[in-house]
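This document starts with one chain, in the form predicted on its own, laid out as structure tokens.
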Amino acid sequence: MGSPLSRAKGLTVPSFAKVNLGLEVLGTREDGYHELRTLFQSIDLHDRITLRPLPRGIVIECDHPGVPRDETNLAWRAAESLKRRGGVSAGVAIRIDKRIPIAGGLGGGSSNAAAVLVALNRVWRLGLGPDDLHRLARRLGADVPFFLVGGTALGLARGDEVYPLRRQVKAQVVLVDPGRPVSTAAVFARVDAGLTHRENSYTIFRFVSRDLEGVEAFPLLANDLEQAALEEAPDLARTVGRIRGSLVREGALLAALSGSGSSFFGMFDDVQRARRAHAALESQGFAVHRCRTLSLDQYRGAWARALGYNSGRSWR
């Protein structure tokens, strides 16, 4: 099978981060996972994934020492799953240029996996549609399906049932990387210790029913994992207190941990306030990123451009 990848030096695509605007843990499932409700939000902070042809095999290259370069890397597993699904004999080198903080609750590894699925489906000319890609994504991890969708979306079940919202959030995001990874498994273990089944937690549903272009609904949102994460890492709790204080003083509409942490973010509807928060946190020595949200259309447009589709055709 011919491939554009085999006739080029490589293909580079974006791999965007996400934050969780809200996250509810409703209980445990029979399959051992957790029943979740979450609001995913794409942001424009992104890694770069470059794919280069190889005669055979899968090679991971990365500029970050904390990223695995073997089959434990989700990007490696995504490529392998596509090779099996499409009967592809050719290999690929996957270069990951990291900008998304690792182990920060921003979905970097899951995003990398989704990027590889979409890009290799294109360059290997497999012709897999959204349903096929989503089936592969669900096997790789609960967050991976979201990155095939993007924008502002509701996540149900394990978080892998993803539904784009009619109204998309538009905001500035100030993101802080405390540089202190937290184990997701340990955080969920702490949650499980005090968990009661909560079918009737409607905070996220109430938020979705409100006008997402306004600011009044954001105080409804919370992250059920935040307290457990801060209990798991008491040193992080002290740091988060300082970060939250700076964000709130500058007028953040929402200030929360993303996922199981440790990245902390504030959302702003005013660019100047976001700039002041960024400057205040940077002056305290924090690693800070000032980002913006990506709508569903912006997310799809970025992917269409990266894959060489014209503006009138969706990559999906």
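A residue's number is simply how far along the shown sequence it sits, counting from 1. Being a predicted model, the structure only gives us computed values, none of them experimental.
Another form exists, predicted in complex with adenosine-5'-triphosphate; not displayed. Remarks below refer to it.
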Among 287 to 295, 33 to 41, 63 to 71, 248 to 256, which stretch sits within 4.5 Å of adenosine-5'-triphosphate in the predicted bound form, heavy atoms only? 63 to 71
Would K98 count as touching adenosine-5'-triphosphate in the predicted bound form under a 4.5 Å heavy atom rule? yes
With a 4.5 Å heavy atom cut-off, would you call T184 a contact of adenosine-5'-triphosphate in the predicted bound form? yes
Distance check, A103 to adenosine-5'-triphosphate in the predicted bound form, heavy atom within 4.5 Å: yes
Check P145 for me: does it contact adenosine-5'-triphosphate in the predicted bound form (non-hydrogen atoms, 4.5 angstroms)? no
Looking at Q172, N112, N223, T152, which has any heavy atom no more than 4.5 Å from adenosine-5'-triphosphate in the predicted bound form? N112
